[in-house]
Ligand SMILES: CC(C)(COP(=O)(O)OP(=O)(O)OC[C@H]1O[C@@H](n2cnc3c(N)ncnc32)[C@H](O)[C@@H]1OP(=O)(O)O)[C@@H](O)C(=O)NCCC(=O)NCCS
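Quick setup: one chain, the form predicted alone, written in structure tokens, and binding and motion questions come after.
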């Protein structure tokens, strides 16, 4: 486990298998845009409602690079930090409350099913609690999205409530928005995910 702080830029977080850092414009490949538009990848994501282009992704990334205080948009890289495979995002940090929401996706088809999402979320949670001083993280997911449920449960998030029938899933069915949370006091760093030195 290694965290290289680079204020005001995002840190570089090295977990057991991953490098988690900011996404630079040069990292926006046709492959990245393609998996954002892939129905198998985005079916539980809000991004599915708008076709993504290189320009729209670039505009989003540039905006995120300009403000790393109110939100943090991390790229998740495997292959020694060379291949962008997903993201972990803190969309709206509430510094006065020391809390933030969290979202994530492992979108590269060749990187799915390897436990990378669990590891990436764990690395970002460690950074949030140990280096940023946040006290609470929360996340929401579509009821029935077992992948997100498992990733969050493995990281210690517990269900705190549901917004009943709030969301429309990719099949057109109304489903609950499941809300889960994790307190810094309940977070247990796992060396199997973070690597030695955690």
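Residue numbers count along the first chain shown, from 1. Keep in mind that what you see is a predicted model, and the values were worked out from it rather than measured.
Omitted here: the form predicted in complex with the ligand. The next part is about that form.
Determine whether any heavy atom of residue 100 comes within 4.5 Å of a heavy atom of the ligand in the predicted complex, and answer yes or no. Judged by the heavy-atom cut-off of 4.5 Å, residue 100 is well away from the ligand in the predicted complex.
- Non-hydrogen atom contact residue 45 with the ligand in the predicted complex at 4.5 angstroms: Yes, residue 45 is a contact residue.
> If you check in the predicted complex, is residue 54 within 4.5 Å of the ligand, heavy atoms only?
Replying inline: Residue 54: no contact with the ligand in the predicted complex.
### Query
Looking at the partner-bound form in the predicted complex, is residue 114 within 4.5 Å of the ligand by any heavy atom?
Flag for residue 114 set to yes.
- Contact segment among 102-110, 124-132, 89-97, 67-75, judged by heavy atoms lying within 4.5 Å of the ligand in the predicted complex: Heavy-atom contact with the partner occurs in 102-110.
*At a 4.5 angstroms cut-off on non-hydrogen atoms, which residues of 135-151 are near the ligand in the predicted complex? List them in order.*
The stretch 135-151, when checked against the ligand in the predicted complex, contributes 140, 141, 145, 146, 147, 148, 150, 151 at the 4.5 Å heavy-atom cut-off.
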